[in-house]
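So this first bit is one chain, no partners, the form predicted on its own, shown in structure tokens.
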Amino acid sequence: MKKLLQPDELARDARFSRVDMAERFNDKRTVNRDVDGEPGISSRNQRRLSPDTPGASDAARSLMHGIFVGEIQALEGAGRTCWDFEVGAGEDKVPFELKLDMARQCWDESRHCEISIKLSEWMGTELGEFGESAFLFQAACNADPVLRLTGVNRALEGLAIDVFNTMREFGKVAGDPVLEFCEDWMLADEVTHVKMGSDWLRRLTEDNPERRERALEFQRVVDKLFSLGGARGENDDSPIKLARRFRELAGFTNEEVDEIAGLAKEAAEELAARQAS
């Protein structure tokens, strides 16, 4: 089997349509909406998803579909980490215990795929109704296992914590106990996945501070990119709110969460400056 598979080599059936990230988040049905109901990925007037949000049903279904394809790619990414790296010492090798953690994550992600399919059906969505971008798997293609762990398990699985918490609260407000329960269940797993990334980052770079800083810088790049122009933040009306408490349980320090919030603010300011020009 080939090692270090590239994103364009992922196998998909005819139901799936591959799009780039900009296309995916500019879909008028996404959660990133302006206060007037227009797409909000390029707007400073975004607000949090609630039952009275214009197009709330489509936005929730879009986000659920995004979660589903993210779970597929998380499964693929963890599986590739098990296969791509040999056991041993060195920057291109990993401890056997790390492979066991990634195998455990594969089991979790496969269960998440099943849950997400059933939730999509529950919410009236067909698989492939929305496009799929490969941004999560792209982070899982890094040739350095430590950078892969920070890009996927700390940055993107950290984003999953924020998204699942947002959807859980939406289910509660919308009076949908099925959505609320399922998102709460998956959220617990995501905390574990991020904690594994945090623990392995520290263990694998304990005697190599330069490698740790390279990995953390890669995480900052991914976190800033997926702040989605300020859509993620700590304000109560942020479309995706940083789940500070759950991130702390997953091994983030207060300073690290503050940094992510700062990156989101920077992304929003840069977007505003581009719009103004």
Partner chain sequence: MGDPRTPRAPFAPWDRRELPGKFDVEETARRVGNYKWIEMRLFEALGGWVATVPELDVKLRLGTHCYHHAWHAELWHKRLPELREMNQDRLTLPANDAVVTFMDAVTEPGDLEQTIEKLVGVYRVLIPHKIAAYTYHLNNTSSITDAPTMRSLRFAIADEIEDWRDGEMLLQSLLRDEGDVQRAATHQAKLETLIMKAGGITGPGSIGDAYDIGEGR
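Keep in mind that this is a model prediction, so the values were computed, not measured. Residue numbers count along the first chain shown, from 1.
The form predicted in complex with its partner chain exists for this protein as well; it is not shown, and the discussion that follows is about that form.
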Where does its partner chain sit in the predicted complex: which of 158-166, 182-190, 141-149, 106-114, heavy atoms within 4.5 Å? 106-114
Does any heavy atom of residue 276 come within 4.5 Å of a heavy atom of its partner chain in the predicted complex? no
Would you please decide whether residue 5 lies within 4.5 angstroms of its partner chain in the predicted complex, comparing each non-hydrogen atom pair? yes
Answer for residue 207 alone: is it within 4.5 Å of its partner chain in the predicted complex, judged on heavy atom distances? no
Would residue 135 count as a contact of its partner chain in the predicted complex, using a 4.5 angstroms cut-off between non-hydrogen atoms? no
Residues 9, 72 and 75 are flagged as a possible site; in the predicted complex, is every one of them within 4.5 Å of its partner chain by some non-hydrogen atom? yes
Can you name the residues of 66-83 that have a heavy atom within 4.5 Å of its partner chain in the predicted complex? 68, 72, 75, 76, 79, 80, 82, 83
